[in-house]
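We begin with a single chain expressed as structure tokens, specifically the form predicted alone.
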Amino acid sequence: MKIGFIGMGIMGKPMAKNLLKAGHEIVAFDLMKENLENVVQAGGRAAASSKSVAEECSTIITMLPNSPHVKSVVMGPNGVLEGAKVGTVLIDMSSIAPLASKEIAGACAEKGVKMIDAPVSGGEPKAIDGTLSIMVGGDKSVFESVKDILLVMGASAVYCGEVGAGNTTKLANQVIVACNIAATAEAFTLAKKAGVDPGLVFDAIKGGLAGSTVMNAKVPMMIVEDFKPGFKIDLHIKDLNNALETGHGVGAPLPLTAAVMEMLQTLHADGCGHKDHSALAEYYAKVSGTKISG
């Protein structure tokens, strides 16, 4: 199948490559030429614009940083809706605000384009090995028609409800991940301050109730101070901002989320926004004077 793919960042590149490996033809576009060239070298074909992608492809995936980027790519000048034919399916796999998903879906519907929101969880490692968790909102029949495509990029693709439900589910996911990382950073700083080897603490508790996918992935990074981004602090700030705005809109209290947001904002102010979100350990190092690593 010929699939359009717009957004060749940390996540988009490996996702597009997995579609290529599965035998799909990829028509790609990204404003960053080096990102686009990376996918072209893997067998994809470059398009000149988002409009050009839509003119060629009846199935289009977008993987972009935030709501304004998706709105611009889809609804803006030289965008997807300027080139799309009636019946085109747009799969937005970006993590954006649920209300933005609904707005974009409405604009698509006016042009006869079907849209689902399908954000992902798992970060770069799972994007590379094709085991992302995908959460989907929109018309269920559209979801079923593209589910096989989604399962090339993910280990699971779960239908969550109407348009926006995918991104609401992603926000819940990001709240849990952020609070979990902060809790592990806090706990392992405690262990280090108390004179107990964090590596031994990790081995002792990872198989118990405190164990989690987040702890297994992020604590080893904290222990060796490896904060190469699988998911950047600045992107998690974006997600938590969307979560807090959504929470305020629907009347859901998010005090833990707000606390972790302030930690991430402190790290951003310290020039750490490009680091992996496991660098929350550096916030605790700053306030405690003790690093988990070393």
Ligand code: NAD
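Not measured: the values here are computed from a predicted model. Residues carry their position along the shown sequence, with the first being 1.
Form predicted together with the named molecule: not shown, discussed below.
- Put simply, of 120, 108, 171, 89 only one has a heavy atom within 4.5 Å of the named molecule in the model of the complex, and it is 120.
- Proximity to the named molecule in the model of the complex, defined as a heavy atom within 4.5 Å, singles out one entry of 124, 162, 82, 103, which is 124.
- The three residues 180, 263 and 291 each lack any heavy atom within 4.5 Å of the named molecule in the model of the complex.
- Partner proximity in the model of the complex, defined as non-hydrogen atoms within 4.5 angstroms of the named molecule, places exactly one of 62 to 70, 39 to 47, 265 to 273, 244 to 252 at the interface: 62 to 70.
- Remark: residue 10 counts among the residues lining the named molecule in the model of the complex, judged by a heavy atom distance of 4.5 Å or less.
- Residue contact check for residue 184: none of its heavy atoms lie within 4.5 Å of the named molecule in the model of the complex.
- Although the partner is absent from this view, residue 257 stays clear of the named molecule in the model of the complex, with no non-hydrogen atom inside 4.5 angstroms.
- A residue is said to contact a partner when one of its heavy atoms sits within 4.5 Å of a partner heavy atom; residue 51 fails this definition for the named molecule in the model of the complex, lying far away.
- For the stretch 221 to 239, the set of residues having any non-hydrogen atom within 4.5 angstroms of the named molecule in the model of the complex comprises 230, 231, 232, 235, 238, 239, in sequence order.
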